[in-house]
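In the form predicted on its own, a lone chain appears below as structure tokens.
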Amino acid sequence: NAFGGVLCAFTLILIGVLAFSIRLFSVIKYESVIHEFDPYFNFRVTQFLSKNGIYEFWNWFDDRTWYPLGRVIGGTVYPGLTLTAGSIWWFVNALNIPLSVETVCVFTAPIFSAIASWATYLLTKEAKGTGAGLMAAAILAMVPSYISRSVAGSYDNEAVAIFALVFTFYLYVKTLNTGSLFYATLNALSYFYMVCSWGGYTFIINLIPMHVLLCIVTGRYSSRLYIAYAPLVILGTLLAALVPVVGFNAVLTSEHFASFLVFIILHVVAFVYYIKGLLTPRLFKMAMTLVITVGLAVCFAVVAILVALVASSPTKGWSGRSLSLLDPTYASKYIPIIASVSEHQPPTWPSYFMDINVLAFLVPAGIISCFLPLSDASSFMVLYLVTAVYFSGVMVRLMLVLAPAACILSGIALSSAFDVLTRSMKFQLSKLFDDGPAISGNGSPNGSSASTVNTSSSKNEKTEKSEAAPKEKQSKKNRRKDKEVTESVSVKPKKEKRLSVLPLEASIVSTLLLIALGGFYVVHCVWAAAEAYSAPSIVLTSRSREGLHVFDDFREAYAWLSHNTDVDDKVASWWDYGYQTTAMANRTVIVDNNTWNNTHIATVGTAMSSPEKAAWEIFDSLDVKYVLVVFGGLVGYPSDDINKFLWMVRIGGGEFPHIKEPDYLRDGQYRVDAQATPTMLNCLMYKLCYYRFVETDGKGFDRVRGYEIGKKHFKLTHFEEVFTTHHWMVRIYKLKPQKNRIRGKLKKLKSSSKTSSTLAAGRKKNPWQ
């Protein structure tokens, strides 16, 4: 046992090193830099926290975002990631280790990936033993779905949330197995950390009640189940309400109602079991009739109150993202801002193979293993997998939630398979070595095995004869008992061999196939970590015959804004680039990735979809001085604003009806070539992206769309180009002053005061009408 414990601890250390090191390709191949869009906001918040302290953080009003509205950061952000990284930075600096905040943020995700692997080991161990736990931890350390959100530099909420998710499930299962109130309290604290870290905490507070209800329905109620669930609901809800971004939503929104309903059902069942132990069967039957009558009345009253509360809300008490999970068509119908995000789209079948690879084939075997035998812990694993598969099929982002479940069940499947195969080989080899002389004498394996059976039976006969004398003195009753015991002992090994022992050749071949499958999985995971998920979106690369090309246009554009514009200048762009503009250029933006105000985003979308003059009036009313667009037509970058433009039209049209999507389509097709509609060719987005584009090759060929643009030669009247990056990926324009726009009309303005007052009144008119 001591050697096994040391070996297990050493293996877990290696798994942690593997989980950490496989996520460092982004730093080794590129540099230590923050990735994607949302991590830049988290990095900026962490910088503020480390500089000003936690009290200033809770009360921070950020006037550089969502101008002119601003944003209260402390009340609108999940603080778990920021507080974790800030605590790590404070701790290492207290030890006189001079690490910058950026360095801590870059390596937070790999560190918590290793810890998440250890939490997966603990969870799987509670369900199926140490071997399955080690296997599941090793698989999770490399699974591409988790790597995509936890590479070095991916400083997002999921970096710590997956650890909190798995650890909360572990403590729930641990409490379920032990009935310990200590673990139940830790479970509530772990749930509190999950609430602080990610909005996906609602998955926990709905999955655990589903499992509790399943246990009650299948007759598996116990006091351990009560201890595992009741403290979680009470303490967890109270702690969740302390998080400012959640607040009273912990008791008022429909996402939490299932936990309260199951909480009531659990107490009714516990009361019934308690009464059953006190009363006679006849009295218990009468009490049950009374309890059922009163219980149904109370349930109907509670349901009526809940229905009344829910019916008073336009969304029935659910948030938009939750409704889009329950109804995959809801976002596309009512909330285009949610549907416009690429990670909110349903996944394709190849994405499953990319993100979980061979685990998709091992999961069914793991489900079967969980039923042999079925326990509370194994039933929870199966339920976790089923719900995660559904949600991952609705939203590709939730493949991240599926990854731990797939790794756990795959680890259980591989552990069970290796257990059977190694036991079979051990048994067959020991049998083969024991029968060596028989094989040489008889010349056939069948003869040797028969001789083995004969020799063993003759040995048993001799021992029986030698013990016959003392047995004769025993009574018939004792002899009958001994006979039953010997029969049961002799039958059980035969059954076990018949069920679990395979032929030697089949065992060896199956073991080699499983090892090859694991090798294929490791190769795929390393490739995904090194090539598919390590490249930061802010620095792009491509390979050609000339070698490696680096496209650093984003940082080039943000550096230009930082050095060539005033601190108080406002920059307008689509919301995707708001966080990066604020963090890297330190300039005020109109909208950003928080997407909390649909009307404000629709205003920017309307401006981009309008003609140049109308767009100028909208931006001028918002005090905008610069407009930033991303264009990939020259280098073939597909995630540019032209490809996102239809979402700007849809979101803008949702708030301002004069923007109509069919006006930008030709026969239902989105085009920017000569077949494009006049509305499309004259909108601001088209002009800002394709201004002077024909000068690059003389034809204006768009490499992303695959054809020449429609309108090649035109001039800007209300905007002027001030900066275009080296590869034309980011273009920045400045709004021309009003006096330049109306220079030709100055004489008319001086001659007529009525005309001037009329024009002034016209300018004050709502530009979005």
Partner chain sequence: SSKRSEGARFVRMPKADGDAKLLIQSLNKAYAATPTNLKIIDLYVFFAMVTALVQVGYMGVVGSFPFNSFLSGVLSCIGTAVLAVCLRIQVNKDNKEFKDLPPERAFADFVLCNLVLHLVIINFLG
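Numbering follows the first chain given and starts at 1. Treat the numbers as computed from the prediction; the structure is a model and nothing was measured.
In what follows, reference is made to the form predicted in complex with the partner chain, a form of this protein that is not presented.
Asks: Considering 251, 245, 308, 296, which brings a non-hydrogen atom within 4.5 Å of the partner chain in the predicted complex?
Replies: Selected option: 251.
Asks: Tell me, which of 666, 431, 267, 549 has a heavy atom within 4.5 angstroms of the partner chain in the predicted complex?
Replies: Residue within 4.5 Å of the partner: 267.
Asks: Just one of 228-236, 74-82, 632-640, 609-617 has residues with a heavy atom within 4.5 Å of the partner chain in the predicted complex, so point it out.
Replies: Selected stretch: 228-236.
Asks: With the partner left out here, check for me: in the predicted complex, does some heavy atom of residue 263 sit within 4.5 Å of the partner chain?
Replies: Result yes; residue 263 sits at the interface with the partner chain in the predicted complex.
Asks: Does the partner chain come within 4.5 Å of any heavy atom of residue 543 in the predicted complex?
Replies: Output for residue 543 is no: heavy atoms all beyond 4.5 Å of the partner chain.
Asks: Check whether residue 282 has any heavy atom within 4.5 Å of a heavy atom of the partner chain in the predicted complex, and answer yes or no.
Replies: Residue 282 belongs to the contact set for the partner chain.
Asks: Give a yes or no for residue 506: in the predicted complex, does one of its heavy atoms lie within 4.5 Å of a heavy atom belonging to the partner chain?
Replies: So residue 506 does not count as contacting the partner chain.
Asks: Considering only 165-181, what residues come within 4.5 Å of the partner chain in the predicted complex, judged by heavy atoms?
Replies: In sequence order, 178, 179, 180, 181 come within 4.5 Å of the partner.
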